[in-house]
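Presented below, as structure tokens, is a lone chain in the form predicted on its own.
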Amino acid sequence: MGEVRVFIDFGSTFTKVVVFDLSKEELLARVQVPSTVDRDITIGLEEAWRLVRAEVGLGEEELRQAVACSSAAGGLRVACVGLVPEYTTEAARLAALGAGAKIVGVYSYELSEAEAAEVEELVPDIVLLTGGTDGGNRKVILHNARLLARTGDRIKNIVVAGNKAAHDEVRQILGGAGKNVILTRNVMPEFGRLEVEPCNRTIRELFLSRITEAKGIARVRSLIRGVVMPTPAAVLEAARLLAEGAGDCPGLGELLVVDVGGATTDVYSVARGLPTNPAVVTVGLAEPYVKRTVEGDLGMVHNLETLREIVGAGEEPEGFAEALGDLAARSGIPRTEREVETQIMLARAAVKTAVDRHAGRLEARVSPQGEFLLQRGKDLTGVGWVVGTGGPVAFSAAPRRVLEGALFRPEEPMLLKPKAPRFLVDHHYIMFALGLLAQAEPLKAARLMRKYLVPI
């Protein structure tokens, strides 16, 4: 056996194991079994490893060197508290999403007592507290710190990424109340300027040091080297690598990745998103080059009825309702031809809706000089590639038809979706593993990505 590396994803629906031979730059095995994090996460891992060993005959040492990502047990749950919705609160939201989090609540201005209680009811893994540019408003972040200090044990971890002039006082307030307080760089140190990377790193480090333990995920420490990041963060790293390349392996350039999962549909854009029409004026917060959005109402296992509503009753073919029920009973895995067709329709609806929400929009305005256009968000019309991953895309009988939900539509000209991209599919569903591999071996990860992502 050559230079073998094992990567694991503890997903909300399935535990997946991927094995590469790096000396040959080949995929040796990929298996998945139902996740067991609600009982004991090691049960699913041991079953998956039994299947891997049946395929490639590895020993326990390869498993002990494995690294993993996880979105199980609800993923990394973050509540964001900021000052102005369109600025510091939005900057906090973008930072948390970029770290692979699931946003469970967003609050702006001074919290009320009721809102502070609501944040506690959400039981977030982390509260991300922002507000004020450096040297700017201190009053609101201090007020919010005092209210969060009064909350109970369901709020343990608070990351502070606001006005640095308030940091010492915020630490005293929250630390004195027994909260675990981590200070990091302001997500918006100057008006309109994003600086989310330090906050991204802080959230990920906290995920590794404390949150995996609290969720029961750390039980696997006796079996593998460790869980090193949330799954969406691993896919984001893979998307960035695919766009930028590494060493002598060139990147594809600006692209969009759509990950359709059982609990959510995530969209990643690696693109500047500037207006393609020079007459258009951008408004709002500057968009990050690497951006992730997550849609918690578009999961292919947990949100089938929502997706059915999006498809629309008039579009449902005969037998659609029965097929939907059968898919729900089998965690979204189709068996019959009718179920396959139903899953394609639902997955396409998930892709379309998720990309609709991710892409920027134009708005017409009228001034004394005439009509002009404003752009909010990213212009993705010129993106060269759309990449599909996640089980309902990777294993679909018609992945291109599913991914075409991401395309620009002439009847909606103000929605800035890709106009003429080429398509790739993560046919083996291994992008999370390549994002993990990229942390140590970016060149090999890039080559494997170019080898195993298939044009469609």
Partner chain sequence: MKDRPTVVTGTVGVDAHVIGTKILSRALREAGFNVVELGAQTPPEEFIKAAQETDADAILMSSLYGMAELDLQGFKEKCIEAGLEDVILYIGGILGISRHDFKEDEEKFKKLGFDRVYPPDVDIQAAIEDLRRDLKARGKL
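Numbering follows the first chain given and starts at 1. Not measured: the values here are computed from a predicted model.
Unshown form predicted together with its partner chain; subsequent notes refer to it.
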Original post:
Of these, L183, V84, I217, L252, which has a heavy atom no more than 4.5 Å from its partner chain in the model of the complex?
Top reply: V84
Original post:
Of the residues T306, N137, S331, T151, which one places a heavy atom within 4.5 Å of its partner chain in the model of the complex?
Top reply: N137
Subject >> Listed range touching its partner chain, judged in the model of the complex by heavy atoms within 4.5 Å, from 99 to 107, 128 to 136, 241 to 249, 339 to 347 >> reply: 128 to 136
Original post:
Does at least one non-hydrogen atom of M188 fall within 4.5 angstroms of its partner chain in the model of the complex?
Top reply: yes
Original post:
Would A114 count as a contact of its partner chain in the model of the complex, using a 4.5 angstroms cut-off between non-hydrogen atoms?
Top reply: no
Subject >> 4.5 Å heavy atom contact, R365 and its partner chain in the model of the complex >> reply: yes
Subject >> Any non-hydrogen atom of V281 within 4.5 angstroms of its partner chain in the model of the complex >> reply: yes
